[in-house]
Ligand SMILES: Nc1ncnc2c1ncn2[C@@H]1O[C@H](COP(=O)(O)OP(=O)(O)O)[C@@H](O)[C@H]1O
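Here you get one chain, nothing else, as structure tokens; it is the form predicted alone.
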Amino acid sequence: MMPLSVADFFLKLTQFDFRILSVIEVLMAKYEIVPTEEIAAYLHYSEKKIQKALNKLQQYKLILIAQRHYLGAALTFLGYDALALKALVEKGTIAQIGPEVGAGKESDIRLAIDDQGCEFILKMHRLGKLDFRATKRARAFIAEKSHISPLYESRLSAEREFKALSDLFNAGVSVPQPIIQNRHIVAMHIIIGQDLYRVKKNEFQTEKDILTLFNNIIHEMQSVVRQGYIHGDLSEYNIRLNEDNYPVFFDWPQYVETESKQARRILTRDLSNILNYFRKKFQMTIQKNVSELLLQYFENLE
């Protein structure tokens, strides 16, 4: 038995069950719905034995069985979770899964614990929760791909986020420390603190403290750009103030590179979000406009 306390179904899965899930994952590169006969041929078992195992996996909602002009199966996000979690358990990353602590339009967030009893975050990318066509328009990194499944789309999103976090954290930028990525899951350290949008004006002692926070955010944006990145969706909703009241930027899969033709437009939007938030939330007078900030802090985009 694996050292993992998770949903009851997980501990009931056999190695054969996981082999079937893995085969479906592989064959979904060719099929939206994988024919049962293809699964049986791949594993060298009878279709009857495979169908019995598929029925079990569907009961746990790990797959969807569908009848088209043939009978077949496809992974659900829960099935993709099972494969990724199994891999992370085998790598020694996860000892126990905790509760869900957040859910966004593109991801679910869970707590996890390692063998030393330290808590960390599992971010499960789920881009299929959005309308697929709208998501393709919003994400340049998948726009050139056709017939992409929501599972693979989510994997690409996780790979991008892990790359950005790794590059930026190693360069000293204030982002969560990444641990490991597998399929659509990114494991990262917890940032203890409060999200910026929840902060109230009366929590600051002076106007100078608010200005210090603003300048710290601008400083981190500058550091990000120096590493060749632009967040792409920066706002009060993906900045957390840590225990030292210093901003930490999270949620990175939508980043763009500074060499992109869209870089200046997207950076201008990120800056405008921050300026507008401080003006409205804290009634802060900011003398510089977006153009001046761009010129002062991001001259390397010229």
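None of these values were measured; they are calculated from a predicted model. When you see a residue number, it is the position in the sequence shown, counting from 1.
Note that the form predicted in complex with this ligand isn't included here; everything after this is about it.
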- Out of 236 to 244, 29 to 37, 52 to 60, 265 to 273, where are the residues with a heavy atom within 4.5 Å of this ligand in the predicted complex? 236 to 244
- Task: Identify, from the list Ile121, Val225, Ile218, Ile97, the residue with a heavy atom within 4.5 Å of this ligand in the predicted complex.
- Result: Ile121
- Between the options Met188, Val89, Leu213, Leu156, which residue brings a heavy atom to within 4.5 Å of this ligand in the predicted complex? Met188
- Quick one: does Asp167 come within 4.5 Å of this ligand in the predicted complex, counting heavy atoms only? no
- Partner proximity in the predicted complex: Lys105 to this ligand, non-hydrogen atom cutoff 4.5 Å: yes
- Does the 4.5 Å heavy atom contact test between Ile109 and this ligand in the predicted complex come out positive? yes
- Any of the heavy atoms of Pro178 lying within 4.5 Å of this ligand in the predicted complex? no
- Message: Heavy atom within 4.5 Å of this ligand in the predicted complex: which residues of 247 to 282 meet that condition, in order?
- Response: Phe250, Asp251
